[in-house]
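Below you'll find only one chain, the form predicted alone, shown as structure tokens.
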């Protein structure tokens, strides 16, 4: 029972990094961003995740630095708590229990013992800004129930609330209203824009707000792309505003620089605009950022900017508008049509990414490795255009080939199809387009699979389509007088009574091909392409086909649209069993006989794990998530697990990942979230004495090896060797700044000289070299005789029962003499 309770569904990454505005550390070395229930700490130079702050039980909605201690970080969440972290060590310091859901978090330097949060009032869609007093207490969990309202009827988004002039006032926008609350006067001023369209059909809706850090100036962004600069807003009658206009669509976010000399704006144009001195003429641009800008952040030091983008990306930008670093999360496309795949070479998760791209995503580091441009056309962000969609993809020949299908359909009779085959290039470590086939079928392609058996010599690809045909494509020699090349061509076309083909798959050994034609399943010989047998149960149109693996390779499974799961025996050509399950996902484990099926139910999605040879499921888990599961995939483990329970043995060799309708990536794990979600964070913990440099990590590995050797030495009661950290010279060398140290050539020469032997250190008992040579020759001749003599002496002593005194041979004395010659005095210099 303990093992059953240990298996649970956990988030394995892919959370939104752009859900809230990112925050810089005071020294600009780190950047913090929310990621689901966690806060991630990234290095601005290496782009590596150095910490994951975990402790919240719901979505994290805001993060801010502690004004009184810049080495600490506040975070708030939907779980109703505010947590204080030491982000350098990744330690939770204190938890403040507030109660209601918290939607955003703000901190002020002048209010050290208070923070500001956005909470929901009793009425729906009505939010307020409240001040929370944080009591001082030595306990780790403290109740913070002292709340005081500041502003009512505000927007829940943090980009619609801003504090200005070192916290003297706060501005909030919603719909067509701008509200300004003055803390000293304790008064609120409200300004309204016209809600009717003007002659140019512009919209006045407020979308974001930012406050000047030193002057009484408020910048607001609007739906029509205009930026309004409000001044004299402390007087309801004398207020003025000026307009800046460059964006053609809504302004997504605004941010002033630290000094207030420039204003940054971003929107759907994927361009960062810097307005210097708030003038229309003084504009600087950073274009082609790849996706719409959701948030803009400015480092406290003023040397870095940060933009959060709609494609789940964070870009770190220098003050001169040069991109410094890119932190790319899992890209969430409008729809995942290719499903989930595993790249055999990189073990990365592969699925739809940016429009027209395949993204390769590392499950271990929760980081995108790279994008592969499939469509190879410029993407135009316009809702009225019919875009080219990447619908199918499959890996073949153990990752050496990749097949993709892209389509575009503006009208029912105007279907554009292209199939591309990509070959892996070892030199460039990427895929290169090899063959492009226009209109491989006359209708939508429903199935795409390679024959990946090891014994198969010829590379084979099969496509199935709604046009009633499946086609077999083979790799042929396409060389000419100019170059040697290979290409793909159609070798066979099959059909069955003009029924639409819905899916296709190869058996594990590649000898059989199964193609489903609506309600009928056909089995073909992959060598001669002869029809071997058919299965017809009239249980509905087949949606998914898969063969059994290993000892269950004689079984073929099919899931229908009517909620029936059928299993056929290929040896007896009969139905083995059937079950009533509305299967949405059915995935076989490539390293075992297990098959995972996810069905839809009223309470969400249920998981069934079974073997085709047994109709009884090995494991059933109800309500693995509330949403519909769209895709799933088994990922082979690098180190197998050792579950003994029959219900959990399916997790020993592989791990099952699944993607929900909202594109949340989940998995089953027996490990704690710390072990699962932060496999590298423990290796990236920063010590106070050493910075997190590559040399530090190398030194850390050596220290682990030294600790292991030291433990073995203590167990064997040998002499303890000194550690490098105990040697003052090495500590001084490692801790001294690089610009103060002498040149590397000077240090190297000193080190080499310390290794050389001087004539003065030679022992007086040393014998000349020629004598040593003669002794070596004599000892080589007499080694055999000495060994025999020693053996006789030891046997005689054993018979007499006396104490045995071992006598060294000449060869052993010679080795000891060599050790005496070595000078170890250079060690004292360290």
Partner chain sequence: MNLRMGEFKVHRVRFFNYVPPGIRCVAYNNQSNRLAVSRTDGTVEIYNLSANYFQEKFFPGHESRATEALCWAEGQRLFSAGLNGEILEYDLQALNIKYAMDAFGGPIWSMIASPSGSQLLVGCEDGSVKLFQITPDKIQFERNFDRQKSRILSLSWHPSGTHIAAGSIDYISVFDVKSGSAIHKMIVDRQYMGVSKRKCIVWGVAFLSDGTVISVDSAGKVQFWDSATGTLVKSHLVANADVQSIAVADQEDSFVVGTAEGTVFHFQLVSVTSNSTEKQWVRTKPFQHHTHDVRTVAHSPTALISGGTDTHLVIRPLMEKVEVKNYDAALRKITFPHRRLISCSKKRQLLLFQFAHHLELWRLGSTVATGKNGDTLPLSKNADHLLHLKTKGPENIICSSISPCGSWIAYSTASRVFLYRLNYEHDNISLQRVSKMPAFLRSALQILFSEDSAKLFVASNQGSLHIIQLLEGSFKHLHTFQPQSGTVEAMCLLAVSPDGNWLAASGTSAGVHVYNVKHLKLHCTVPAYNFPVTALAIAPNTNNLVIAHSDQQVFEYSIPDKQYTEWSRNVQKQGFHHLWLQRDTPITHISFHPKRPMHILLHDAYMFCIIDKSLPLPNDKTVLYNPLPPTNESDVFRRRTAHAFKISKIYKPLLFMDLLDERTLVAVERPLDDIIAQLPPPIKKKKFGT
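No experiment lies behind these values; they were computed from the predicted model shown. Residue numbers count along the first chain shown, from 1.
Here the subject shifts to the form predicted together with the partner chain, a form of this protein not shown in this document.
Stretch-level contact analysis of 161 to 169, 81 to 89, 255 to 263, 566 to 574 against the partner chain in the model of the complex, using heavy atoms and a 4.5 Å limit, identifies 161 to 169. Contact annotation for the candidate site: 214, 231 and 280 all lie close to the partner chain in the model of the complex (heavy atom within 4.5 Å). The partner chain is not drawn, but in the model of the complex it has a heavy atom within 4.5 Å of residue 243.
Interface membership of residue 248, defined by any non-hydrogen atom within 4.5 Å of the partner chain in the model of the complex, is confirmed. The partner chain in the model of the complex is not approached by residue 136, whose heavy atoms all lie more than 4.5 angstroms from it. Using a 4.5 Å cutoff between non-hydrogen atoms, residue 237 counts as a contact of the partner chain in the model of the complex.
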